[in-house]
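Single chain ahead, by itself, as structure tokens, in the form predicted alone.
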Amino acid sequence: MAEAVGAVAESLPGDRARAARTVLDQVVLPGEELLLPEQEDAEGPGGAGERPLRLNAGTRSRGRVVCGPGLRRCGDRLLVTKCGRLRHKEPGGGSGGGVYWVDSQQKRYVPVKGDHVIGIVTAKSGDIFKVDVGGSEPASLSYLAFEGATKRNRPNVQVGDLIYGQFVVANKDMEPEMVCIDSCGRASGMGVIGQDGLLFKVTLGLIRKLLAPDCEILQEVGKLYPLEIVFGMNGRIWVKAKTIQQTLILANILEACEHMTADQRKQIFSRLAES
């Protein structure tokens, strides 16, 4: 037992932090401290080197660094809170900074502001709907948070309906709050999902994989049958095809493709196309 504990202790970085860009796409452990490159001119004092992230530094940074899931700012440090692979996304302008997050495999969903999720209406109390989003507590949804909704023109939402919306309030100290409109007051595809179709749950890692811009799975699935599909960042997928048999086939394929290789997927899709 002591030898195992010693081996784990040696594997942890301890007080020595690692540069974030040197461990991209590598496994990081909770408690590790990451160093981010300073977003300043290389010709400035000290140059651009690897230093701990300073939130109250006097110099103005060129790019904004955003900490995503799995990372937490603690004073002047950036700490890892989840075990997984460190990912980074460059900003659109390419001026430095960007988004850092930890890509981990988990089934429990923690609400995040801005996430689009699929919820189930569980109760109605006054002007508020209670929506189950798979988190630790249900989210609240106002009847005015729909496109064109007024006090006289209320949306037709019943207990048991599926809701596709996004979070506008999500933190550990407040109840999550959902809306079904964007910043312009339009639905943009959000609202009550149709009665038909099939709702099933997958891992959060598979959802992020399917929503990636270069995902080939959806392109291959779309060639099999005409379908309607909705992805929720809380691990829920709603799919609908012409027949119940096609809907079940698509759901089974999406559930199984998480652990398949590209060659295995091609074989399955070729068999289904022939049949």
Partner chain sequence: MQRGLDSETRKQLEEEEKKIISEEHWYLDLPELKEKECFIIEEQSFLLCEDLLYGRMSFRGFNPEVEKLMLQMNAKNKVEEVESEAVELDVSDEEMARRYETLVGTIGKKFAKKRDRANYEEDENGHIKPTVKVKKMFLKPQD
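Positions refer to the first chain, counted from 1. Please read all numbers here as calculations on a predicted model, not as lab measurements.
The same protein also exists as the form predicted together with the partner chain; that form is not shown, yet it is the one meant from here on.
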Open item on the list: Residue-level question: is V157 within 4.5 Å of the partner chain in the predicted complex, judged on heavy atoms?
Closed with: no
Task: Close approach of G148 to the partner chain in the predicted complex, 4.5 Å, heavy atom - done: no
Open item on the list: If we define contact as a non-hydrogen atom of the residue within 4.5 angstroms of the partner, is R77 a contact of the partner chain in the predicted complex?
Closed with: yes
TODO: Please run the contact check for R72 against the partner chain in the predicted complex: heavy atoms, 4.5 angstroms, yes or no?
DONE: yes
TODO: Would you kindly say which of I128, V99, L198, V179 lies with a heavy atom within 4.5 Å of the partner chain in the predicted complex?
DONE: V99
- [ ] Would you mind checking 227-242 for residues with a heavy atom within 4.5 Å of the partner chain in the predicted complex?
- [x] L227, E228, I229, V230, F231, M233, K240, A241, K242
